[in-house]
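Below sits a lone chain in structure tokens, taken as the form predicted on its own.
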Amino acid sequence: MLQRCGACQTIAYPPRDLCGCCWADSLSWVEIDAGGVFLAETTLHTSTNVYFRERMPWRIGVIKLDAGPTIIAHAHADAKEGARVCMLARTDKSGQGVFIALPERETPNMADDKALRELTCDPKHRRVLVTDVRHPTGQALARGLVRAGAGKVFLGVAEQWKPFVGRDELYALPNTEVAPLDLSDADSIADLTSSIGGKVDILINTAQHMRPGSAMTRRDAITARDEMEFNYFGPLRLLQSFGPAMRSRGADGANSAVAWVNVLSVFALANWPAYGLSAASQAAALSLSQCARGDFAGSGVKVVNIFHGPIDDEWHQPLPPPKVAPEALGAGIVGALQQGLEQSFIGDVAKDIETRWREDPALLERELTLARLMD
């Protein structure tokens, strides 16, 4: 998005208070076309910045956007001078917003470009921990990560002695390793951290405890405690154990830590009384994720929030469609990492809630409450 003058329609870049063409103050943010022309390039061979000094040579270019402004951007190796390019806006390792110019059409092994990998969290060749593969979402995600070329996928399993559906097929996947992990047990997390804490490049927390019921329809607080235990205190223990090691490895060359991923219910944004207490624990987890973003700021590790609607699993069976399939959720998580997104909404329900929440959070809250009353 760039600023556009409401008086003369001129696109402004960089952001400013007054239009540089007519001096009007009616500047608003609008989405613009991502296309442009690669005017000129240069390659940096030395830098006083420690981060870039270890990654030279580094290619940058001047891009004339179709919308009008000319900008300086990182340049993909396959983007050629004089050719059309497509601009991608992402955050760099320091958390600053930057542009990278990509070739207009897909090229072979495009995702392997050095500059692009520095701005995304592509799991290819990286080591990933999935915290709970007992749930179908964790299993689908593990398969997706293997297909995406992950160097190693650690499969978090609580109570290894207890069988679960899909275990044999999951354990037969290449480049995987079973990792004993119980988010409700601090000792289990500490033991795993001492074993692989310095190896994990991407941590994806798929562990969730979701049960129907609102505050007054439940007769006790036991289930609510379990939900907080898995949905909030579990991620907190993970953050305290794995977080410091990942933060220290955010710029560790080719094997740097790149992403901390939280898989959250979209009702963390606005409570749905039908699953009211579960949604409350998810809201706590979202707040913790925002705290984690502050802890990781400037380290090079992105905090990624994946929001989903009701999953097509045993705990959401009574609900009518649409529900998001575990395979679709797993593919969406992998896709968000490959694109370097820090927030993604997966499934029809999640996307609908996102749109309504952005338009009017108070109205969305009222609509969800009224929907519960009609049920």
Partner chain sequence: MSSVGRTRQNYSGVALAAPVTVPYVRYSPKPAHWWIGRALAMLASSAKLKPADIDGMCVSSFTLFPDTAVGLTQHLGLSPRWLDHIPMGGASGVVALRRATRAVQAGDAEIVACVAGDANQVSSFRGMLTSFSRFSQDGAYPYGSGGPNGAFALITRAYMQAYGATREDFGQICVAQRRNAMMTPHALMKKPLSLAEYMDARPIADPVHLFDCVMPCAGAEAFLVMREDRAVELGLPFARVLAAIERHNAYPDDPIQIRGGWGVDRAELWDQAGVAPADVDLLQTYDDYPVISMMQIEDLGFCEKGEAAAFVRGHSLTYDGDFPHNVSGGQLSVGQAGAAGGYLGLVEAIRQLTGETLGARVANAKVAAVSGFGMINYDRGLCSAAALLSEGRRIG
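Remember, predicted model here, so these are calculated numbers, not experimental data. Numbering follows the first chain given and starts at 1.
The protein also exists as the form predicted together with the partner chain; that form is not presented, and the subsequent description refers to it.
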Contact assignment for the partner chain in the model of the complex, among I72, A77, A245, V178, heavy atom within 4.5 Å = I72
task = Identify which of T42, Q338, S26, Q343 has a heavy atom within 4.5 Å of the partner chain in the model of the complex; exactly one of them does.
result = T42
message = Only one of 343-351, 310-318, 59-67, 329-337 has heavy atoms within 4.5 Å of the partner chain in the model of the complex; I'd like to know which.
response = 59-67
message = Is N109 near the partner chain? Define near as a heavy atom within 4.5 Å, in the model of the complex.
response = no
key: Contact label in the model of the complex: R16 to the partner chain, heavy atom within 4.5 Å   = yes
Contact flag, D92 vs the partner chain in the model of the complex, heavy atom cut 4.5 Å = yes
inquiry  = Using a 4.5 angstroms cut-off on non-hydrogen atoms, would F296 count as touching the partner chain in the model of the complex?
reply    = no
